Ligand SMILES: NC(=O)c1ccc[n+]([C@@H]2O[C@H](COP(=O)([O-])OP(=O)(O)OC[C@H]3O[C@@H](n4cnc5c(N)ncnc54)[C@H](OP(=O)(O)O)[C@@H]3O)[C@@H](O)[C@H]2O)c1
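Shown next as structure tokens: one chain only, the form predicted on its own.
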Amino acid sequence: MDNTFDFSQKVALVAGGTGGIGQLIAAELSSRGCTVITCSRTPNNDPMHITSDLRSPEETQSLIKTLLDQHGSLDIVINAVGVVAFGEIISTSVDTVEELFLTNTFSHIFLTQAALSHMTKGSVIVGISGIIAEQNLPGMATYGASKAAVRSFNEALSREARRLGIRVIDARPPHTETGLATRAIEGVAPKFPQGLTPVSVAQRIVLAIASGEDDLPSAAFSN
């Protein structure tokens, strides 16, 4: 059976597509023949960018409607949206807990809800939960929990979507040098060992789409 994915003339949405990994995934998809639309909360002059806050289900529904009105279909959805926080739970603010789950977890669920009914057999959804979803760490408990929830959601979603002929990939890359840790919404990052290059992670995720994979654990990544 040939599981090779044909990227030509496919329409792809990369949420967080202006970020460290997201923009590289968008570029890789474009190089393979996709029409790529990016979205983020930050306005952008790129005509292929849609400003949208995925923490809002209404804005997410509007994003998908705008994309479909402009491009007619949606074949690939990749969610590269994420924020991080550090510090023990006893000192973590309620606002930070809420923001971690709204951005990392709820936005992924809202995006999937909005997109799924408009995707057809052979389409692909990718959620990036990360290595933290495999083993949570002290000082990152709430962040890790928000990502573990994404992994759990993707696991069940993959079974629901399979009945529609849609593939779901949960990607769990190890620490990657995107600079996200330096932009924590609370706390200070511990000293991490040298991480993976963002381009290697982006290429590996797109390769998983190309080769028919349906799970991408941390062990599948390397520079």
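One-based numbering along the sequence shown. Remember, it's a predicted structure, so these values are computed and weren't measured experimentally.
As for the form predicted together with the ligand, it is not shown, yet the points below apply to it.
Exercise for the section: Could you tell me which of 67-75, 90-98, 109-117, 122-130 sits within 4.5 Å of the ligand in the predicted complex, going by non-hydrogen atoms? Expected result: Flagged stretch: 122-130.
Handout entry: Contact test in the predicted complex: Gly82 vs the ligand, heavy atoms, 4.5 Å
Key = So Gly82 counts as contacting the ligand.
Handout entry: Contact of Thr18 with the ligand in the predicted complex (heavy atom, 4.5 Å)
Key = Yes.
Practice task
Classify Thr42 as contacting or not contacting the ligand in the predicted complex by the rule of any non-hydrogen atom within 4.5 angstroms, answering yes or no.
Solution key: Yes, Thr42 is a contact residue.
Exercise for the section: Classify Leu180 as contacting or not contacting the ligand in the predicted complex by the rule of any non-hydrogen atom within 4.5 angstroms, answering yes or no. Expected result: Leu180: yes, in contact with the ligand in the predicted complex.
Problem - Heavy atom within 4.5 Å of the ligand in the predicted complex - qualifying residues of 40-58 - result: Residues within 4.5 Å: Ser40, Arg41, Thr42, Ser52, Asp53, Leu54, Arg55.
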